[in-house]
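The chain that follows stands alone, in the form predicted on its own, written as structure tokens.
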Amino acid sequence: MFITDIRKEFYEVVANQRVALLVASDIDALCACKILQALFHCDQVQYTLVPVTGWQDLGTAFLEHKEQFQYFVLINCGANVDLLEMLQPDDDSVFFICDTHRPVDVVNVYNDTQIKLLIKQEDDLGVPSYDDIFRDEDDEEGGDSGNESEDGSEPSGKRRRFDEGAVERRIDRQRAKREWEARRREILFEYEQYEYHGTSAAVMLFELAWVLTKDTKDMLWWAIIGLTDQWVHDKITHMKYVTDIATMQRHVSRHNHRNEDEENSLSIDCMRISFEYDLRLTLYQHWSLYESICNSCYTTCIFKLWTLNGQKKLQEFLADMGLPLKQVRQKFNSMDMSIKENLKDVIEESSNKYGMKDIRIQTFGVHFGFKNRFLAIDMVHATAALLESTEKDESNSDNFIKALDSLSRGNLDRLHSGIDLAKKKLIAIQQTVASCICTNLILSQGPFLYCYLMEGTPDVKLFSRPMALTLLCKYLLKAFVHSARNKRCKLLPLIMAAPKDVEKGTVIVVGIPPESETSDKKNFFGRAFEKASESTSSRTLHDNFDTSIIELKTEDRSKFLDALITLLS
């Protein structure tokens, strides 16, 4: 059931209870979690935080906590499956679900007692009406027994009168039922066919804080990072991003205006958020300008930096801007102030000549005190790198806590270590993209493109994690579209596989929709993967909250792919 008054129906209900907080492993969920934690601290609400990486984790976490808790808050998980069927909870358990995954399961929508959805209904949800998908079974067979006696035998001594009218009525009812069921299947197939994402969970919970008049600048910054995560990982359309950015901008103006009169607005530990029309160069303020251009998806694809021609073009671009190589190759902080002051305008001017019309993007920046400045996009990359770190073989929950810590402004050391990891990750992605394109690893399989990273490829361990592999997949498809001569190939989706666990012999498989500026970001691979594994009895594990990411036994790969080709042709 959708909640209409988030304050009354959600917050006031849990405010006096102990709550289990089950949080998915993505940046938007982390930010939403930070906002909710801050609200709970305000009102001294007792809660237990449990990070969950997939459906199995969620099931285990629920089993461990169902005795102690009546109220469960699920962030970025649980909306797109029939949760009661999956968890089999007691009748008094109540689930509050704040999830961006769409479509929302119809049983969750129409359950009034145990499932409460913290989901914006302005998002174009298109939920089928109740009568189209549910009907009462009570009167299905009623009144059909006509004049048969209890045990079904004929009455003694009389010929059984056969009521033809009752038979016809039964046949009509059965036909109507069959037609209704066929129509129901059709409606559900259309509704559940594509997977996509709605309003950021962090933005939803920030709006709750605003309604409660408990919103702070920190909460606003977390909401901005949650929204930016959706843009960085390509989960929402550009139109949706721009609309939500405008909403955030109004909140930023309100907060900045409120703090103008406060004395501490210039103190060393103050926090200032500002709207920026900044460059699409990842981490450029924490790197050298040259390395940022070489490792940002946007510029790499426009220049085709994996070719010699592309490298030459880049040198021409730098010359056109009139920037000395010595300045461009040193850390951004060490560049001459005279160059830094009008750098954005200089880059934008030269970019237009090289076909980079949208080198600048609407985003937000933050100042912590006088020294530390971060862009929301940089925060997303740094936190994601910590969340999926493969450096020290730490557990998922250790990485989760580190990533959560990096979002607090008191933990800048952790954030800087995240930025260093993000640089390594971006370099690995660009090198992998270059080697895949130069060695023609992307194969056209008919209805889709396919790329498999072999065991032994450099940095292959990094891409055993879902977010890293999805980012690589998106960068690779963009690069392929820029380099391919065949126009048909440019309109195809991409499936990518990488080794997940060598000992178990499994690969992780990700499917993403075709690359286009006008794309609605709807992904049909979730349903296709399910059908393909059913038809070939492939050993797959659909454990990720995103249905377009699965695990597959390595030896079942070829039959699984064949089934997909047949299915999508």
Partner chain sequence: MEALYEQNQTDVNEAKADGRAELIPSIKLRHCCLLRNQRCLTAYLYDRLLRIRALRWEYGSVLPANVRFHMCAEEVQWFTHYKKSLASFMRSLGGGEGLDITQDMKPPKSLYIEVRCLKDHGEFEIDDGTVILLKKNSQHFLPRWKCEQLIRQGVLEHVMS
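Residue numbers count along the first chain shown, from 1. The shown structure was predicted, so the numbers you read here are calculated from the model rather than taken from an experiment.
The form predicted together with the partner chain exists for this protein as well; it is not shown, and the discussion that follows is about that form.
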Tell me, yes or no, whether T48 is in contact with the partner chain in the predicted complex, where a contact means a heavy atom of each within 4.5 Å. yes
S397 near the partner chain in the predicted complex, any heavy atom under 4.5 Å? yes
Is there any non-hydrogen atom of H65 lying within 4.5 Å of the partner chain in the predicted complex? yes
Quick one: is R18 in contact with the partner chain in the predicted complex, heavy atoms, 4.5 Å cut-off? yes
Tell me which of 204-212, 190-198, 401-409, 87-95 has residues with heavy atoms within 4.5 angstroms of the partner chain in the predicted complex? 401-409
Of S533, T506, N544, Q37, the only residue with a heavy atom within 4.5 Å of the partner chain in the predicted complex is Q37
